[in-house]
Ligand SMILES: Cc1cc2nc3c(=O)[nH]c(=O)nc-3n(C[C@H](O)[C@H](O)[C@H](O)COP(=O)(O)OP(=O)(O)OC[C@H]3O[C@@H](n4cnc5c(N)ncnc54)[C@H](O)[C@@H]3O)c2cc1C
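One chain is shown next in structure tokens, namely the form predicted on its own.
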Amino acid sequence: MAIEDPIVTGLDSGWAHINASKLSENQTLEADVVIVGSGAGGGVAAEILTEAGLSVIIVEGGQLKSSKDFVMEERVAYPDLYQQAAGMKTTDKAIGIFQGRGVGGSTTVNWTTSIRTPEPALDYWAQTKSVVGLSRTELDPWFEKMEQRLNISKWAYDPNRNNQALKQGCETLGWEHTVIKRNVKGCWNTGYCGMGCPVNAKQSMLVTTIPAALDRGATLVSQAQVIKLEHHNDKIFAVKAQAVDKNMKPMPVEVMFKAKHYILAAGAIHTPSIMLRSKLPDPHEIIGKRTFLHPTLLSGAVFSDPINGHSGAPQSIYSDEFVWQDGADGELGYKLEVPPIHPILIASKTVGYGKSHAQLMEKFNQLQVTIALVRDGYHDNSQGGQVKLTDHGFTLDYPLTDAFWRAARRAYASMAELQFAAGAQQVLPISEGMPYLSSWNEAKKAISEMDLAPLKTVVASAHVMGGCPFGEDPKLAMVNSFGESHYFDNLSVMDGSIFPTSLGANPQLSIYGITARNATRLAERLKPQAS
């Protein structure tokens, strides 16, 4: 079956794409709007603004890839499509962070899970973070719009065995569980979403909004890493970028972008980093602080039958049984999901070495993995991390607090209980020194006594949020509830950095819906008026 490659087709049709690494001299480009970043926020904004008749330039630090480049091999995907080759860590190396790199951003490599912003998060923002106009009643039309645009619907097929175990455990224990909505169209159910979709079924920005914007005349500049915003008084007057090679190594050419309006959509680490490098006014010292990760714990389980967690839709069932159990600002809750199980991914996120690690990998096809995503940012003892500049770039300092470790112990117990209820023969909490546990009773005792600590306990994240929060009170927020700067007339932020806490849910649909709302208002303000 022939698969249309929208990138190849679009480039052949004359899209305006500039690979900055191919430029031989400095350039200055102008448009009505310059968007920094091409992920969930940048892509949606680009489509809406070009639809309104505005000229748009999309600036992306990573490469432009297409389905022909997605060969379903981890050794290719991680260096090519992830920030720091999927090896990014927090300052103390205790948390590994997955973020996409390239046109489409993390939407090109995520696992397609699409969940509307939970009401407790929105209520908390309204009550404590001065966010207005973002109730679920007000947002649901925007979520519906983006669900239709990106073909987001419940996964209509049987979950793979990895997800089936999560479902089975929940059913046995009477725990809440939900079929996940996915942004796919004609999915082949291969299970390799994290390596870029080789059949263009994933409705990422790479195959939807970015092509739509380019069809309407937008310009895409790839391999141009934004250094800083140039500003004076209450105006941004340029974006300065450096050409980079495919490994993000700086090249001699600079590109200057000028526009009526600028949108930062570079993600929750790079948007604050650009702001810090630009020395934007920040009288209340907010930029980069309260960055959240949904720090995630893993529990392995060995089953007697093949799990083959590398095959089939990576995520199709989740459980919110424990997310809001103690209220928004009570003890930290956690969401239960499963990850895809690929050799390098799992080998790098498990513990032990030598013979013990080899024995674990020998059980690879019988291995089920459950993850617990801890909802951070609501508790006094859960203030998240801070993006800081360094001599060589940036770092995210994220201390793991007592409140997190209390949640971690509860999460390990929940995951073990669930896995035994689903029929696991053995459970292995992924923390150094933990043995295989052979029963729920044994697990309860061992987990209550287990030693939890940074670098000893494996913690990972694929959800970076916060660092440039929205809200009406400038003491709490850098941008207003529409993502418009409190300090510059012509600057907006449209990405996950605007969330004042974590979400308690996978973030892509929240970014899509809220960006659609905010970009539509911006388009009304900027679009050419009929004479």
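When you see a residue number, it is the position in the sequence shown, counting from 1. Note that the structure is a prediction, hence the values are computed from the model and not measured.
There is another form of the same protein, the form predicted together with the ligand; it is not shown, and what comes next is about it.
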Next on the checklist: So the ligand isn't shown here. In the predicted complex, which residue out of Thr291, Asn110, Thr370, Ser316 has a non-hydrogen atom within 4.5 Å of it?
Outcome noted: Asn110
Checklist entry - Of the options Thr50, Thr501, Ser485, Asn506, which one has a non-hydrogen atom that comes within 4.5 Å of the ligand in the predicted complex? => result Asn506
Checklist entry - Looking at 410 to 418, 220 to 228, 128 to 136, 160 to 168, which lies within 4.5 angstroms of the ligand in the predicted complex, counting heavy atoms? => result 220 to 228
Next on the checklist: If we define contact as a non-hydrogen atom of the residue within 4.5 angstroms of the partner, is Gly37 a contact of the ligand in the predicted complex?
Outcome noted: yes
Next on the checklist: Can you tell me whether Ala265 touches the ligand? I mean in the predicted complex, with a 4.5 angstroms heavy atom cut-off.
Outcome noted: yes
Checklist entry - Would Ser382 count as a contact of the ligand in the predicted complex, using a 4.5 angstroms cut-off between non-hydrogen atoms? => result no
Item to check | Contact test in the predicted complex: His270 vs the ligand, heavy atoms, 4.5 Å | outcome: yes
Checklist outcome for this item: Taking the ligand in the predicted complex and a 4.5 Å non-hydrogen atom cutoff, the residues of 457 to 495 making contact are Ala462, His463, Asp495
